[in-house]
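Just the one chain here, the form predicted on its own, laid out as structure tokens.
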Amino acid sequence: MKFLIANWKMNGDLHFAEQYVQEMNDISSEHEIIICPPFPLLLKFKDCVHSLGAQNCCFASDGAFTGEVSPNLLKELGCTYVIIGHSERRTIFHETDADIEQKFKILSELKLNPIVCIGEKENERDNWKGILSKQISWMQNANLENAIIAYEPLWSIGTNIIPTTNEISEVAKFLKSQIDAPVTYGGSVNASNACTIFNIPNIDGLLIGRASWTSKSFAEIIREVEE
């Protein structure tokens, strides 16, 4: 079994979410389908047959953290997965590896499955191994039993430029030599390249952004990898 993770980012509305659930409930897969809508739309997925994920969480289960969202509440709303460390959180909101480690710890305590995003910038491509080694250093002493690692090179996100199949396989192989967790790929994934990337050696699934923002395009990817 592999993973197909839909990251809506800050997109969608109430009506859109209702339609999406109805249409996705007609789709089955031998793989784990995980849908990660914005926080306010999570309740719309209570009757979804697929797994539900959140795009972020607070490092604490409760407390005086205005504007944050408790992982306890996410669990109560039906989430079983939570994305942490996405490149947009790192670059726009300046989250550090230490911040991500804190979130990982609370998710592990609550038996929620962390999807930990890592990846290098364009000017770091020649040193990808060093950059990724730093980002995963804290994981080497962590319990990764329920974790998924999402490799997303920042220079590929939303650019329609992706690494070669050999480069993706090499990165995934390296990560698995350092930590014991499934490795997914994200970055400009769409229906035309999903099947190729999905079947790369050492890759355990896909983290899909823009191409998952409609049920039609996400379903097309699911059908492609099933064939």
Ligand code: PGA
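In case it trips you up, residue 1 is the first one in the sequence shown, and so on. Bear in mind the structure is a predicted one, so any value in this text is a computation, not a measurement.
What comes next is about the form predicted together with this ligand, which is not displayed.
K.L.:
May I ask you to choose, among I131, L77, I157, L144, the residue with a heavy atom within 4.5 Å of this ligand in the predicted bound form?
P.N.:
Exactly one residue meets the criterion: I157.
K.L.:
Spell out, yes or no, whether the shortest heavy atom distance between A17 and this ligand in the predicted bound form is within 4.5 Å.
P.N.:
Because no heavy atom of A17 falls inside 4.5 Å of this ligand in the predicted bound form, the answer is no.
K.L.:
Within a 4.5 Å heavy atom cut-off, is I34 in contact with this ligand in the predicted bound form?
P.N.:
No, I34 is distant from the partner.
K.L.:
Going by a heavy atom distance of 4.5 Å, is N56 a contact of this ligand in the predicted bound form?
P.N.:
No, no contact at 4.5 Å.
K.L.:
Taking this ligand as it sits in the predicted bound form, is G209 in contact with it (heavy atom to heavy atom, 4.5 Å or less)?
P.N.:
Taking the distances in the predicted bound form, the answer for G209 is yes, it comes within 4.5 Å of this ligand.
K.L.:
Among 149-157, 104-112, 133-141, 90-98, which stretch sits within 4.5 Å of this ligand in the predicted bound form, heavy atoms only?
P.N.:
Stretch with heavy atoms near the partner: 149-157.
K.L.:
In the predicted bound form, which residues of 2-19 put a heavy atom within 4.5 Å of this ligand?
P.N.:
Residues within 4.5 Å: N7, K9.
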